[in-house]
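First comes one chain, alone, set out as structure tokens in the form predicted on its own.
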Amino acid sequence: MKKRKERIDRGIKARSEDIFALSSYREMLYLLVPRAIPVVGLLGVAPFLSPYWQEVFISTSIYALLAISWDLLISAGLVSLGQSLFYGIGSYIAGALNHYCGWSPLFTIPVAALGGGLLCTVLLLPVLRLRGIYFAMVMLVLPLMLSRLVEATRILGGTEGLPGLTPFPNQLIALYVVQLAVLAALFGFRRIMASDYGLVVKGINDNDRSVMSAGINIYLYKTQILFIGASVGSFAGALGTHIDMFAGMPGFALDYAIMPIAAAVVGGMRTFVGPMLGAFLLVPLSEILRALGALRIVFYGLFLVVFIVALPEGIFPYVQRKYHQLERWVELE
């Protein structure tokens, strides 16, 4: 007798999707626990880490910010291969304000976030009408062009960069600042995409022509999403600058473009939690494999291939489905 696998929502999921969740502590915990895990995991673990792993988690959180901002862009149909553009511009703005003007990180970081978001939006505004791979290629080329421009003109320190920038008071403060930024981006973006505004953004990604036919200016929405995503990426660059006490051409490195994409693919795209989860999996894994030397890339690549083949939807969508749904075999008539 033939059978097929059937997936059905758990009863508690159906009951918890409305205000009736307030009628039961069990149902409130059902909603609260998944949201509390990233908060407790990020803020509760930090004091117990060694200084080395605190440094690793700071770097991981910066990549998580870039991955979450990448996921926001992809939600509006903006395929980005240049998160390093956001990171590099934010890094240089914060570094220049601190190096030349003597501004404190308390002012350079927010100014770099907003200024970097605005500058990146202005740079990409002429190509915002490009779609798919064409927009992605422009995003890939721009940081390479800017790094060569800095090298050729020797502005902003040239190839030597801007060293000796003001650091955070201590490593633990830097860790909490960057992790709070990750949580703010995570829950803020999820809230945006759950609103009517987010519904329009998702519609632009699914079928932009239909949204245009409804009289909605999709380029205005894309500009706004681009500014928000670029601001978060620039914020990550400004944080990284003051943590490393250096701003220079490495800020435009391809690592800041490739790692966010890999994190989003492994964790699950268009979920925001997935890219964050992917970053907190891939970056520490890279550090653990560092002891293998040249074989590190082999095992790292093998790990990525296994995850992509075994879980093409990503880790978070798989875990989310197991949490919300039951699976059972039913007989075919």
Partner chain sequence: MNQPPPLLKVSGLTKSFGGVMAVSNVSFELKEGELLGIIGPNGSGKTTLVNLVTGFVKPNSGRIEFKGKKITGLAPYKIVSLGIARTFQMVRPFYQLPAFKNMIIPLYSPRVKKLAGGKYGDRDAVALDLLEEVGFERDAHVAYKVAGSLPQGYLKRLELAKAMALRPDLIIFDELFSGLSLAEVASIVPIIEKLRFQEITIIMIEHRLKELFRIADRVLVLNYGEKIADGPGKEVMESESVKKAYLGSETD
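Positions refer to the first chain, counted from 1. Small disclaimer: the values here were computed from a predicted structure and weren't measured.
Keep in mind that the form predicted in complex with its partner chain is missing from the display, and what follows is about it.
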Discussion item. Considering non-hydrogen atoms and a 4.5 Å limit, which listed residue (103, 189, 168, 221) is close to its partner chain in the predicted complex?
Written reply: 221
Worksheet item: Using 4.5 Å between non-hydrogen atoms, is residue 159 touching its partner chain in the predicted complex?
Response: no
Worksheet item: Would residue 148 show up as a contact with its partner chain in the predicted complex if we use heavy atoms at 4.5 Å?
Response: no
Worksheet item: Might residue 255 be said to contact its partner chain in the predicted complex, defining contact as any heavy atom within 4.5 Å?
Response: no
Worksheet item: residue 203 near its partner chain in the predicted complex, any heavy atom under 4.5 Å?
Response: yes
Discussion item. Counting heavy atoms only and using a 4.5 Å cut-off, do 196, 199 and 215 all touch its partner chain in the predicted complex?
Written reply: yes
Item to complete: Please determine, with the chain shown alone, which of 108-116, 137-145, 92-100, 206-214 has non-hydrogen atoms within 4.5 Å of its partner chain in the predicted complex.
Response: 206-214
